[in-house]
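Given as C-alpha cells, the chain that follows is alone and in the form predicted alone.
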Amino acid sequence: MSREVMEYDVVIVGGGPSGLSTAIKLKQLNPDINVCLLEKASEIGAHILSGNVFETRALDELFPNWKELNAPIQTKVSKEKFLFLGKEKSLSWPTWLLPKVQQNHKNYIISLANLCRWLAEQAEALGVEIFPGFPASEILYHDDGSVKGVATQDMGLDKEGNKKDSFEPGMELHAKVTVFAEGCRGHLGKELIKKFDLSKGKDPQQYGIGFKEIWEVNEKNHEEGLVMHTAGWPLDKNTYGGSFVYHAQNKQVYLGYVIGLDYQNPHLSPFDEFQRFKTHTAIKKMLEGGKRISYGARALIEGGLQSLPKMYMPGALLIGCDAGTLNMPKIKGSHTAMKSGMIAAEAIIDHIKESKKPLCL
C-alpha cells in the first residue's frame, strides 16, 4: 500500500510536557530545524486530566519569562496536610517531619492540560508543526534496523479492520531523529524497549493506576492553595497506595487516588477503593454540595531510577513517562519529563551538527 511521505529533521510522537519541551528546545537552539509533533488526541491536552502540583525548575530553564508570557500557573501552594486515615478518624502528620522531597511550599497547583495547551502555543509560535488527531500506529525502520520514522493510523476502517468507502491510508513521516514521548506504557515505546533490549540490566518496571476527578465545591469548603495527601484506609497495610487533594483556583478541587498494581488481593477493585475513600468523613465534608465536572484514569510508571531503561537507540530517543522519568518519592513527573525532553533536544542538535546519519549515540 502506497502512503504519502513527509520528511522532517525531527518527528516527535506525543504532545505531553516532554514532547512539547523537546520541540520548543529544538527550535530555541536552531530556528531552522524542521520539527513535527504528532498528538493522538483531538487537541493538545485533551487526554491529560491532571490536577498537578508543579515544580517549575524545568520551565524556569525553558522559559525564564514564563510569568510575562502568561503561563497558566497562578495558584501557589500555601498550605500542606498529610493525613493517616482510619476507617472513621484521621491523624494529621506534621508536614515539617515529611522528607524534603515531599514538601511543596515553592510549587504551584496547576492544570497540566492547560499548561500543555500553552506550551503548544509557544511551540507553534516558534515554527513547530503540530498535528492533533493523528496517532502514530507503526514504527518504520531502515534496512540496517535503525528507526526511520513512524506511520500514522489508517482512517476509514470498520471494526473488523476492513476498508470502508471512506478509507484513507496513513502517512509516513521520516526523520533524521524520531522522539517517542507517548506517556506511560506507550505501545511504540514498549516495542522499542523490547527490540533494542533497552531494559537490560535494569530492575523490572513497576506501575500504578491513578483515578482522578475534578470537583467544583462550595466556597466554604474550598481552601485555595491547599495540598493534601493521605495514606491508610481504605487500603490494608499490605497494599501500596494513597490519595491527593489539591485545592486550585475557581473553587475547583483536583482529587485522586493511586494504587500500585502489585496488589495481592485478586478481589480488590482500585476504582471501588477510590469511591470508598470519598466516603471518609475528612473527604466527604469537603465534597458535600459540590459537583464532579470531569473524571478519568491513567497508568503511572513508578519504578524510578533503578528501572529506567536506556533512553537512546539508532535513530530514536525515548523520553518522559514513555521511558519512566517519574520521580516517585516526590510524587511528581512533569518537571523531569520536561527536562528529559530538553536534554534530548540538546543531544539531537549536537548530533545533526556532526552527522546526517540516523542517530546512534
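These numbers come from a predicted model, not from an experiment. When you see a residue number, it is the position in the sequence shown, counting from 1.
From this point on, the text means the form predicted together with a small molecule, which you will not see here.
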*Mind telling me which stretch in 73 to 81, 284 to 292, 162 to 170, 129 to 137 gets its heavy atoms within 4.5 Å of the small molecule in the predicted complex?*
129 to 137
*Name the residue from G242, P270, G183, P234 that puts a heavy atom within 4.5 Å of the small molecule in the predicted complex.*
G183
_I'd like to know if H187 sits close to the small molecule in the predicted complex, meaning any non-hydrogen atom pair within 4.5 angstroms._
yes
*If you check in the predicted complex, is L59 within 4.5 Å of the small molecule, heavy atoms only?*
no
*Heavy atom to heavy atom, is K40 within 4.5 Å of the small molecule in the predicted complex?*
yes
_Within 4.5 Å, heavy atoms only: does G315 come near the small molecule in the predicted complex?_
no
*T22, G149 and L192 each touching the small molecule in the predicted complex (heavy atom, 4.5 Å)*: no
